[in-house]
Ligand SMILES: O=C[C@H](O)COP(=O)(O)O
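One chain comes next, on its own, written as structure tokens: the form predicted on its own.
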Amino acid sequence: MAQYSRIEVASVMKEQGMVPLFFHSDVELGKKLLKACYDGGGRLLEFTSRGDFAFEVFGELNKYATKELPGMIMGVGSVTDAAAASLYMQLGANFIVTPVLREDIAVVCNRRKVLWSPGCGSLTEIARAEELGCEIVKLFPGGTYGPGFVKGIKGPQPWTSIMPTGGVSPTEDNLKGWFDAGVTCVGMGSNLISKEVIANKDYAGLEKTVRETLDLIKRLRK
């Protein structure tokens, strides 16, 4: 069962401004990536469900986070249906992220008061997601739409909280564009936890990048 309610998770997303995300089939490597993000100040991690036996890997990572990393909120991304969402919630997922808007996922997450963030690409989809109780909408793929799309949405719907994923990088120019447009937080995958970081096992470098990126987001919000 989730340790954090959807309101608690949404609050941390808004406070931190960034959700790191990754997938790897190696549990021990995953633990080191997770700890590097945690030591850098990150308190959210989206494990993307993109490989065979991904649920088993997530279960082990979540047990590790619960025991060793107090305050770390683990969630799962790339969830495609209600059955998968339910499975991951049984393994303790505190939030569910999806590539598309699925009402069946909304129902099972709302029943457990677990935050769900559906991938949306139009104002109509965003409005429907909010009608279904969504707190923070995922804009996906973010790089296709860009900050201008966010700014356009915030005009008629200033209450909408948006998290772009894809097309986000830990540079000042990139993040300034998104946060100036009005995003609540950003999802960051391979531009943060890169293939090079994983191949070289550069956990210290990842910790440093996470810390610097979180500090940059704080500065850009002032």
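Note that residue numbering begins at 1 and tracks the sequence as displayed. Predicted model only: the values in this text are computed from it and were never measured.
This protein has a second form, the form predicted together with the named molecule, left out of what is shown; the following refers to that one.
The stretch that touches the named molecule in the predicted bound form, counting heavy atoms within 4.5 Å, is 158-166, out of 37-45, 59-67, 158-166, 23-31. At the 4.5 Å threshold, heavy atoms of Arg50 reach the named molecule in the predicted bound form. Remark: Gly189 counts among the residues lining the named molecule in the predicted bound form, judged by a heavy atom distance of 4.5 Å or less. Residue contact with the named molecule in the predicted bound form: Phe140 places a heavy atom within 4.5 Å of it.
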